[in-house]
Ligand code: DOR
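What follows is a single chain, given as structure tokens, in the form predicted on its own.
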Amino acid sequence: MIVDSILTNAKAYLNGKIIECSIAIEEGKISKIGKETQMPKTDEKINVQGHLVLPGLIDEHVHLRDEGKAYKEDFSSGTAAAAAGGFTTVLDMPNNDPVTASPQTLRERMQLAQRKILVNVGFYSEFPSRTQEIADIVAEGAVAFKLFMGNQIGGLNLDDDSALQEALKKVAEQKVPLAVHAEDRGMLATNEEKLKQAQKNGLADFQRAHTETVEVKAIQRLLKLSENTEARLHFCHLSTKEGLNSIVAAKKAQRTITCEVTPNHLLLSSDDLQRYGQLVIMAPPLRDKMQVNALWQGIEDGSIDTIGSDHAPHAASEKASSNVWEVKVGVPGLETTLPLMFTLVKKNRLSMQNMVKLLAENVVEIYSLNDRGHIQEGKNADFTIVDYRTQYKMDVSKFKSKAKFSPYHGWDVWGKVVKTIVNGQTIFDEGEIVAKSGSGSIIRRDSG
């Protein structure tokens, strides 16, 4: 038998250990793992020179933009950023223009993406106006739904508990996760209006609007409404100790509840606002050190399930206003997440096993992406190949994303991505995209 290619001289992460081995790839799948002498014949050997080979990492929280927001990011630039950051699979959020919230908008978005993407991409949908369409959206291929509780984005009336509960039941019937941006819309709007009327528009005023209570109230409301629905809730970008405690209590009650934290909320705090200014305005906002420490405790004890970048690209001008209410929230994260996390591994703040769980294995479990996330025979040949020996400086000028800004610019980090292999094909190699647009695959719910 002659296989398509073989990775040689690899230090691969297998079942919690790093093993020196070779990996044979056939038709986009892992066909054999073992010593080089045990490998089948091939016309292509890829010597990875003793670099670390991780299972292809997965970012479940990415805003790829395109369509009406293509000036911020498009499928080509966003998935190039993913490949450069070591992510072989990303899940795209639905707050687009138009909003992804119907079978038609999802279908059209997938058709546009298929021509451009470089990595594997799955899609969220917002809730449609008619809950009967939820099943049709899943049939079209949505891997999950997203609920933005802080502002009205989809077709569901956020203030109507009975409508929300009905939607939760419909999603539960489809057995797809519901990712949640948990901020209470009413409380947030009231806070903002008071501050605006008082002509308060500085950095600290954004924090005063997006209080810890705004997050906690939304989490507790949704946990209550979903009690008898069997909905699988996944709380995004968690930022508060009390919110985490509520989620932990729900987990202990044997409910299918999971949660995510971003690198931003682990590595930055409200103390960094003056240093980085509008650049680090995000929702939820950066919190104080006590909240950051609580999130780290959740990472260490396993109550936090995933790390998502919340990759949120914007035009530089959209981050520059002196009026905080005009600043677009969020920062790009696809090209910073892995080196930031790997640096924590290097500093013994995070174990390698935990990093791979948070960035691959747990995501696979939550979103039923069953053919990826592990280096095993029969799984997708998705690999993130990392130079773990060399320290370097983060440099936004080298970003593949259109959003060339980051609070982490100039930080000394470890874990440089040297190759990203998706479905057996090398997409990113030594700083360059080496594949054609459209090389990635659309992940549909029915393919997991």
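A residue's number is simply how far along the shown sequence it sits, counting from 1. It should be emphasised that the depicted structure is a prediction, and the values quoted were computed from it without experimental measurement.
The same protein has a further form, the form predicted together with the ligand, not shown here; the description that follows concerns it.
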*asked:* For the three residues 148, 283 and 310, which mark the spot I'm curious about, does each lie within 4.5 Å of the ligand in the predicted complex through at least one heavy atom?
replied: yes
*Residues in which of 349-357, 312-320, 131-139, 157-165 have heavy atoms within 4.5 Å of the ligand in the predicted complex?*
312-320
*Tell me, out of 419, 63, 51, 402, which residue has a non-hydrogen atom within 4.5 angstroms of the ligand in the predicted complex.*
63
*asked:* Which residue, 174, 278, 211, 95, is the contact with the ligand in the predicted complex, using a 4.5 Å heavy atom cutoff?
replied: 95
*asked:* How about residue 298 - does it come within 4.5 Å of the ligand in the predicted complex, if we only consider non-hydrogen atoms?
replied: no
*Verify the contact flag for residue 181: yes if a non-hydrogen atom of it lies within 4.5 Å of a non-hydrogen atom of the ligand in the predicted complex, no if not.*
yes
_I'd like to check something about residue 324: if you look in the predicted complex, is any of its heavy atoms closer than or equal to 4.5 Å to a heavy atom of the ligand?_
no
*asked:* With a cut-off of 4.5 Å between heavy atoms, is residue 263 one of the residues that contacts the ligand in the predicted complex?
replied: no
*Counting only non-hydrogen atoms and a 4.5 Å cut-off, give the residues of 318-334 close to the ligand in the predicted complex.*
329, 330
